[in-house]
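Below, in structure tokens: the form predicted alone, a single chain.
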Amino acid sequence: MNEIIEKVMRKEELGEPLLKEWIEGFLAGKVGKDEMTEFLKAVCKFSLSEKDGSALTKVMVESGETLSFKKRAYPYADKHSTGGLADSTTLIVAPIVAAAGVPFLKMSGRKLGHTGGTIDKLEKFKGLNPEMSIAAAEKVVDEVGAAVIAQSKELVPADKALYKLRDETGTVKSLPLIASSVVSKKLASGADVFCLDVKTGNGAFMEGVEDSVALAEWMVKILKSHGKKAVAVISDMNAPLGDYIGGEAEVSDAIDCLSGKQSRLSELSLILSSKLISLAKGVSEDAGAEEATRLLRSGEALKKLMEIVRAEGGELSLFSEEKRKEIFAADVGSVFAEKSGYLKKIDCVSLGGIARKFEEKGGNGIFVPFKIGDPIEKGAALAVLKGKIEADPSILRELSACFDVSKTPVDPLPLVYGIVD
């Protein structure tokens, strides 16, 4: 035990054999929680080399099953988001990429903290079964070109065990540990082409742009060291990505984007789709962007999402414009600007928590029409609750505290801060 921790402290290479012995020992109970905690704390303080980061990722991947799929005209593509508010990009990216002829099979998670989970959103399509086997998911890809399913318990058990301990011991925020955790699951999932959406801002895991870029560089380098094609987009999370947060409203917002609505959500989805198409097909970024835009604007991507939902057992009522208007029109409470000015800040973490609480009580979602830097008139609705029951006054008070309006102009924030490739 002392050997590996002392090497970390001296910033010496650990090497794959030692890391393998250490991780396998932890899973087998030969390395105790206290010993592993000391190792994790040392990594948080002193970091790891890029070579050891890649080796740790490999060891974690090999702790469980690794998926592989039959050869197709183009390699399998996947995207990953580090977690954001009103981020329904998978519901837009998957059908665009599949409509371009690139196979897309993604394993997604459920709600975590203040952020929404893709699987929770998919389950808003009544009857849809995300808990399908990999064999069943591959049949869906055969049929319609893409499948999005719940994460498999057999993949990367080392990450599950390590993350639980990291969460318990306050050793989550370490670039090599975060990167190896994310990338190990991606490598085990069988894809060869990846686009990582790394959020930055007060609603992101990494709040500072420099930290977000550093994490993106770690993940892209590890993926490439394992022979994968990868790119990362550093995107803003100082405000909800979409106009709606939570429940059916968020899914409906994504469908509206596929139906022609232009927003930050549709813009970022096009960027992510373009990157995947470009990498998978080996074409220029301009060609990838042109194809993604055509598929979105022509309605082919919308039709493809309907095919994906139907193939996974879901009904299509949410694709009815009348149904979506009904969801959007269900106003049950609003908070208003107390003065004129410019939107300076949105507390995304609190806002996400309120949205989850409201949804648990039967709400459809929260409409947030303004972004950072937008001019605000006194009395304008900063947020509107959509649902079937009147909003509790306590929720409205909490919601009002999420917005900060400044009398002086505020510069709008970019949607994308940079690309790491």
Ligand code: URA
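Computed from a predicted structure; not experimentally measured. All residue numbers are counted from 1 along the displayed sequence. The term rigid core refers to the most C-alpha atoms you can superpose between the two forms while keeping them within 1.5 Å.
Note that the form predicted together with uracil isn't included here; everything after this is about it.
In the predicted complex, the residue from Ser266, Ser278, Thr82, Ser88 that sits within 4.5 Å of uracil by heavy atoms
Looking at the other structure, the residue within range turns out to be Thr82.
Proximity to uracil in the predicted complex, single hit among Ala230, Met107, Ala158, Val182 (heavy atom within 4.5 Å)
When uracil is considered in the predicted complex, the option within 4.5 Å is Val182.
Can Leu305 be called a contact residue for uracil in the predicted complex at 4.5 Å between heavy atoms?
Answer no; every heavy atom of Leu305 is more than 4.5 Å from uracil in the predicted complex.
Spell out, yes or no, whether the shortest heavy atom distance between Phe319 and uracil in the predicted complex is within 4.5 Å.
Close contact is absent here: in the predicted complex, Phe319 is far from uracil, nothing within 4.5 Å, heavy atoms only.
So, Ile178 and uracil: in the predicted complex, are they within 4.5 Å at any heavy atom pair?
Ile178: yes, in contact with uracil in the predicted complex.
Evaluate Arg324 for contact with uracil in the predicted complex, applying a 4.5 angstroms cut-off between non-hydrogen atoms, and reply yes or no.
Judged by the heavy-atom cut-off of 4.5 Å, Arg324 is well away from uracil in the predicted complex.
Which of 94-102, 74-82, 288-296, 309-317 sits within 4.5 Å of uracil in the predicted complex, heavy atom basis:
Of the options, only 74-82 has residues within 4.5 Å of the partner.
Please tell me whether the candidate spot formed by Tyr163, Arg166 and Phe205 is one where all three residues come within 4.5 Å of uracil in the predicted complex (heavy atoms).
Answer is yes for this spot.
Per-residue C-alpha change between this form and the one not shown, Lys164, threshold 2 Å, rigid core fit:
The answer is yes; the displacement is at least 2 Å.
Once everything's superposed on the core, is Val384 shifted 2 Å or more at the Cα between this form and the one not shown?
Val384: C-alpha displaced by less than 2 Å between this form and the one not shown.
Core-aligned, does Ile354 move its Cα 2 Å or more between this form and the one not shown?
No, shifts by less than 2 Å.
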